[in-house]
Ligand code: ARG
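Just the one chain here, the form predicted on its own, laid out as structure tokens.
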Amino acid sequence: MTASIRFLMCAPSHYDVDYVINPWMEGNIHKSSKDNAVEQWQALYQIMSETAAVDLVKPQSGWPDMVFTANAGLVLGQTVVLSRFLHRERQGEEPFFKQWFEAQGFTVHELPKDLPFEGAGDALFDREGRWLWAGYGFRTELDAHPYIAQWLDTEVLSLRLMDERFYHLDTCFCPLANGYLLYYPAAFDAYSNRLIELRVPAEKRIAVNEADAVNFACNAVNINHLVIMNQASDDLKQRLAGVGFEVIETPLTEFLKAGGAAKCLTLRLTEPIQSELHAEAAIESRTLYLEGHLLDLGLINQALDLIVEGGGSFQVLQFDLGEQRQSMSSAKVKVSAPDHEVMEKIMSQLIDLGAVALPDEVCDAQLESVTQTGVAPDDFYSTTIYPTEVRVNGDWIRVQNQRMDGVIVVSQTTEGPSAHCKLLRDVQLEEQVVIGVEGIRSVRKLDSRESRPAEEFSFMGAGVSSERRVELVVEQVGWEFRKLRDQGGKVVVVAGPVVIHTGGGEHLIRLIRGGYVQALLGGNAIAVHDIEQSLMGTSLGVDMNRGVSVRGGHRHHLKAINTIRRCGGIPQAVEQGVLTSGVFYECVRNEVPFSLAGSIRDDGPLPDTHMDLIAAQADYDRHVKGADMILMLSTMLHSIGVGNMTPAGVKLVCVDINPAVVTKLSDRGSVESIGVVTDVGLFLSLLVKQLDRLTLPYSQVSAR
């Protein structure tokens, strides 16, 4: 026995599975055998007593999980940080453990009541005493880690747990002697795995597979060269033996029913201390302010979800709920992240929701000079579709040319500072680019929640409509089309060749003739197939009237390209009387500008197609500027490209038979966008019928 090593255990006198607070308990309520549990615990106690000193805490009736003493607290020297259990089912254990520690002469630290921390179940010392690994995500909050670092004067490395089966760090992570680590990587997020890899050399990392993980192989007790656990595969035992460890298996299946095994049943009271190492916590915290319709628009839920999903934690410091339905709500939220990099990523997303720093904490945006043309500083702020302001010299200024995936360049003019969105490739030497997330805010349009006229285009939030809602969406789009036409608005259509293949071309022609389209964007293909249909009655060699392939039809698209090339372009073909019908004929005749962006797969291409990608993007951007509405018709790449260069406030309708395409566009987050999963030809035919109906007098429309 190694008397210098001490553990705390608790007999299973009152152990049972009385409730469900983790996935392992589900289906096991009152299904544990008390006799088997006692026998298995005694076997573990015997092994522990032969290798170390074991103290016992008295079990208490009504608290069946006291047997899992690892959760009593975290001990270093004569100091203990007492647990604050998340679930009320275990909170009653706290005073009994506190009483035991105080009786043994420990200095006891207690966390704030609403700050969960579950002891050595979620905090494991490196066996060399160099630092403390601390878990968070299910039972422990990240904000507890700075307290632990301060009270125990140790460096804390925060690891985020991702798999609810491994709700405590010790269920999937076991530091071993001589710097080795036994762990299940899939239980952690990417940041945590990277942190583990930075601290533990590859030759010291022993990753287990899922089969060993669910047998709680990582929930082991390490005493020098011994590793005591419930069960391990032969492969794992061989790997451990290969680096000098002896595995002792002792069945603990009764305790697995409650989600625990060897490590959970023991609390180490003697941890290694390196006196030359001192407290350090990389955790970063900021307090943010949110205002708006936080509940009915779901903004507060979105914000809190973003924090957690981004690897952080939160504390709502203040929430003021508006008194009336139309009233504004506000909230102050403390955000914590394991390091600066994670915090910056979380902050960039919260800014999109309109979150700002507290007034007395607001500072100017940070600027850094461009040192290489077309290359921004590493920590540049990446813009979104939402109107954005940056703080310069104490004043907030609006960013011009707002678009997604750009950078913000701040310039000094005779009238004061100005800010513009620029693409990475366009930044010039010495220009000042905004970096980080300080001094930036998103200006979200406030939704008044008041009732709207029936004719107003209002989807009430982004989403994807199914087939059963197509007619409703068409009606809304129709009203908006007519309103924009009558008010001199701008509608841009982004269309793919499917429009022609599905017979939608004739409907798009009617939109162009009716003055509903102010610009048409697409690729080489839509123009080629439209012209092929106009010249030869086929699309991709298929007769559009009969729906059958024609002899030699595979050459038709090339013949169409060749014809237009001979004329010198689409406008020239119209002028020369060669092209006398079709979508692009109508664009030329009705002076509707069009832009075609080419790709590597294009045949020909047509003389009108931009094969220079940069030039094509610039031309698209020119046509999109000033748009009030964009209708995207079955062209994924062109639609996504246009979506990225379109600021918030522009209504987007994406129509495609493929749900993945419309979801991609709807995921932009704009409340003015919607995806419609349907056949594009059907959609256009319904839209034209709706517009025909809207040309009737209002009395006749109402009668119908």
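A residue's number is simply how far along the shown sequence it sits, counting from 1. Owing to the predicted nature of the structure, the values given are computational and were not obtained by experimental measurement.
Not pictured, yet referred to below: the form predicted together with arginine (ARG).
Asker: Counting only heavy atoms and a 4.5 Å cutoff, which of 152-160, 234-242, 259-267, 173-181 contacts arginine (ARG) in the model of the complex?
Answerer: Residues of 259-267 come within 4.5 Å of the partner.
Asker: By the heavy atom within 4.5 Å rule, which residue out of 21, 686, 11, 694 makes contact with arginine (ARG) in the model of the complex?
Answerer: After the contact test, the surviving option is 21.
Asker: Taking arginine (ARG) in the model of the complex as the reference, which of 293, 84, 139, 556 has a non-hydrogen atom within 4.5 Å?
Answerer: Checking each option against arginine (ARG) in the model of the complex, the one that comes within 4.5 Å is 139.
Asker: Whether residue 25 contacts arginine (ARG) in the model of the complex should be assessed with a 4.5 Å heavy atom distance threshold; does it?
Answerer: Yes, residue 25 is a contact residue.
Asker: Is residue 167 one of the residues lying within 4.5 Å of arginine (ARG) in the model of the complex, judged by heavy atom distances?
Answerer: Yes.
Asker: Test of understanding: in the model of the complex, would residue 312 fall inside 4.5 Å of arginine (ARG) by heavy atoms?
Answerer: No, no contact at 4.5 Å.
Asker: Hey, in the model of the complex, is residue 338 touching arginine (ARG), heavy atoms inside 4.5 Å?
Answerer: Residue 338 lies outside the contact set for arginine (ARG).
Asker: Looking in the model of the complex, is arginine (ARG) within 4.5 Å of a heavy atom from each of 656, 676 and 681?
Answerer: The answer is no: none of the three residues contacts the partner (heavy atom, 4.5 Å cut-off).
Asker: Heavy atom within 4.5 Å of arginine (ARG) in the model of the complex: which residues of 63-101 qualify?
Answerer: The stretch touches the partner through 65, 68, 70, 71, 90.
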